[in-house]
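Same chain, two forms, each on its own as structure tokens: structure 1, then structure 2.
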Structure 1
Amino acid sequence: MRSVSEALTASRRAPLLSILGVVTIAFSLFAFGLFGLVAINIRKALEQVEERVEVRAFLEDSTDIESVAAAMKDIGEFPEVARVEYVSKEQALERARKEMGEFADVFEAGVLPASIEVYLRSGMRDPMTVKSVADRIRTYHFVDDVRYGEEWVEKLYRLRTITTVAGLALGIAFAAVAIIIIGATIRMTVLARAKEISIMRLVGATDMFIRLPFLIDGLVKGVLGGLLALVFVWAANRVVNEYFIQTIFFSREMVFLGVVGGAFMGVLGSLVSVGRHLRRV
């Protein structure tokens, strides 16, 4: 109780410093949150794209329907395969017309071959697995060609790896910046209260007693900064949603985790700073 009021007294004594502290924490977390938002949206997009990854086997015109059915049954039993669908020439034409709209007339019946579409189970859509499935399907003598957008799949995966690595690196960098800023804020508060602290020492206040208000100060600022950053990120997300593209927002758990992260940074920043500067007062 005493420490809370002490911490708040300290903040009231240096209001500008404290506001600066909270805002800088918020900015750091805002950058962090914005990046996180981009990251989860890329991830989401990747997942959606992955769901569409399929292996398509084009069939020779002369193939009889029994062989196709037998092959489909075989392929359907591959451990990687979720489901197999047959697309007849007519269906292929229909689909092409729908997709091409006004250019639909260029297609004539019989131009597009029949095919088997193979959908893979989730978790089985990485480039290696897709290629191995495609290679096995290619062995059927009536399969003319197998397509699975190999380059595309690989690119998607590379993009995903890059975003994950960049996310971690930037996240850690931003966290470090936030901790340094909080540390600097605490340092200024410690210096501003140097006389008070030295008198506390003199009359026999314990180290923990002297530290606690600073830790609580860091905690409060971290939480406030986290909440402020949340508002910023949420607003930015709304703007993007309104004028650009549909995005998803953090889940409630992730928001909570972000605020806890802010609190953690606040406490860590003050812990490091207080430990270092109290010794010199």
Structure 2
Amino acid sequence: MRSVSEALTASRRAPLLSILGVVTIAFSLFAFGLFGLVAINIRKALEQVEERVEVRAFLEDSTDIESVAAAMKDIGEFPEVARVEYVSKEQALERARKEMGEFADVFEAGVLPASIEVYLRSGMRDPMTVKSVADRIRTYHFVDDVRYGEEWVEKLYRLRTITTVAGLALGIAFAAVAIIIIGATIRMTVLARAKEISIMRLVGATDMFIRLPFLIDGLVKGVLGGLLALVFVWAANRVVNEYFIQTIFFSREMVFLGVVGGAFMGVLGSLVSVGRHLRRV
């Protein structure tokens, strides 16, 4: 309780410095939050595109429906497969005319073959897995051809890998910058109370006793800065949704983690700043 009282007293003594600290932390976390929002929206977009990854097996005209049904049951039991659908010649023709309306007259009955469409489970749409499923489907004697957009799947997976690695690297960089800024902000408070700290050391106060009020101060500023940053990010997200494109916002769990992250950065910044000063006293 004494440490909490000390932290509150210090904030009341220098309210402008405290406000400046919270705002500085908020803007540093705002930049981090914006990047996080962009990252989750890119990932969501890639996941939506990935859902369209499918293996399509075109069947020979003479294939009987019993063989197709048996093959579909067999393929449906593959561990990588989510569901299997049969598309008749008539359905294929109707779909082609619907999807390419301007070329509807080009398609004639009997032009498009029947097919089996295989949809893969989430997390099993990488090039190697898709190719493995396609190769197994090719072994059925009545399958004329198998298509899954090999080039497209490889490019999609490569883009996802690059996005993940770049996102992780930039996220760490933004977090490091935020911690440095928070540390510099807390350091201003430490310097403002340098004489007080020196006197406390002279009268025998332990390092933990001196550090604790600053750690609490950093914790409070980190939480307030995190909340303010979330408000800024939410406002930016609303503007983008209103005037540009529809995007998703952080989930409740991510919002909670953001506030906890702000608190952690505040404590870490305080710990580093106070530790440096105590070593010099």
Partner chain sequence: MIRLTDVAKEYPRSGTALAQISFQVKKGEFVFLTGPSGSGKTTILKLLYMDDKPNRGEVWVNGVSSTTASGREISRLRRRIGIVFQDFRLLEDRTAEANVRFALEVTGAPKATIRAKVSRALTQVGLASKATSYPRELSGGEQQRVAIARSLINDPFVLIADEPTGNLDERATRGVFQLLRDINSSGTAVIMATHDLDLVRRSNYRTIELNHGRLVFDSAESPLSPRPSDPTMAEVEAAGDTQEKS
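Residue indices: 1-based, along structure 1. Throughout, rigid core stands for the largest set of C-alpha atoms superposing within 1.5 Å between the two forms. Since the model is a prediction, treat every value here as computed from it, not as a measurement.
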### Query
Between the two chains shown, which is the form predicted on its own?
2
### Query
2 Å or more on the CA of V87 between the two structures, with the rigid core superposed, yes or no?
no
### Task
Once the core is aligned, please say if the CA of D126 is shifted by at least 2 angstroms between the two structures.
yes
### Message
How about E117 - superposed on the rigid core, does its CA move between the two structures by 2 Å or more?
### Response
no
### Message
Given the rigid core as reference frame, how large is the C-alpha shift of M200 between the two structures? Answer in angstrom.
### Response
4.7
